[in-house]
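There is one chain below, alone, in structure tokens, taken in the form predicted on its own.
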């Protein structure tokens, strides 16, 4: 293992590593994207397919990024320059940095909506809400020319403040505090949802699979969701693992993070689906599920507004911790590759994301200021999402699998993952290499070709 960059800041313990990495993985993908996609693709069967995707794509690629980051103790670009000097593999790192920016352009927009909903819930705007007023509230949130941008900037300032404090005083301290709080809040929401009449029907939808609902498109969607939810291919896991302790068991960390991330998704499903079925709301509501259906559901419960505040708060926590990791990726790129101070790097990043991200915010609604402006047939919001999620992340994952499977020497990979032989896990590492060489690339190529329309599964 490498011992370079001794003065470089890092996480203080294995527990800090776990919470920070989990904070990167857990985000809006768990509480916003996972429930609505599970609802659209039939519930439990989609969940089963997603678990397989995490096992055969997500975890092996996360371990690969852990290896790259801890081995080099560098940013997403510098790490490839060190492992393959003079060769073009650093393009993977640049693609990851670009993907991180594109994700934050639209992610900060959605996170701003969450922050605004927390404020509205505290103010009591959702008390007595009806389906019509719920839709109107969401429409106002999207179409207002200045309010969504204001909340987007507030969100970015919160994230930027944490990053400015550094790895231990900022990222480590915040994630160690917020991750346990997130679990507490989501369990409270689950308990209330399970006591609702008709909750059993929602649990059946989530846990009793009907595989007739699963087709090629559902499988491909589950694969893409694994990338998005586990922060694969955008340089964040390389960045965070560059702060890992030397004795960290990276295979165990990846497994625990993936399982915990899955647990948060399932807990979010338990909080949402029993409530939806109890109040007769279709689980196929789509991307607006969180912002239109959830306030309506909680408004009909005793103490519903308090529970709504709790649910939106945990969603805000998830969005914040995930964004911290993404912006830390671009920040470390500037501090190490461009040799600027951390403060200047954060200011540059927040400015770029706020300015270009405002294009996503103003185009998120078709009636908005930029709602009719389209590039390649897509609004700015959809273009940023599509380019990152459907092109750059799958490509990044594909080439990382190839890089580890065919470029890195097997002995180096084994030594790093076994902590120079201290961990007796050679057999597991060999199995991971097999998956990276022969399983993951095939699956990722299928995702990528489908995203480009070369293969069309309907």
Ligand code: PHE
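Numbering follows the first chain given and starts at 1. Just so it is clear, the structure is predicted and the values come from calculations on it, not from any experiment.
Just so you know, the form predicted in complex with the ligand exists too; it's not on screen, but the next bit is about it.
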Query raised in the report: Is there a non-hydrogen atom of residue 396 within 4.5 angstroms of a non-hydrogen atom of the ligand in the predicted complex?
Result: no
Report task. Answer yes if any heavy atom of residue 79 is within 4.5 Å of a heavy atom of the ligand in the predicted complex; otherwise answer no. Result -> no
Query raised in the report: Any of the heavy atoms of residue 231 lying within 4.5 Å of the ligand in the predicted complex?
Result: yes
Query raised in the report: Is residue 24 close enough to touch the ligand in the predicted complex, meaning at least one heavy atom pair within 4.5 Å?
Result: yes
Report summary line: Within 4.5 Å of the ligand in the predicted complex by heavy atoms, the stretch out of 317 to 325, 273 to 281, 342 to 350, 112 to 120 is 317 to 325
Query raised in the report: Are 38, 202 and 262 jointly within 4.5 Å of the ligand in the predicted complex, each by at least one heavy atom?
Result: no
Query - The single option of 175, 236, 331, 152 touching the ligand in the predicted complex, heavy atom within 4.5 Å - result: 236
Query raised in the report: Of 103, 74, 308, 268, which residue is found within 4.5 angstroms of the ligand in the predicted complex when only non-hydrogen atoms are counted?
Result: 103
Query raised in the report: What residues in 27 to 42 sit within 4.5 Å of the ligand in the predicted complex, counting heavy atoms only?
Result: 27, 28, 29, 30
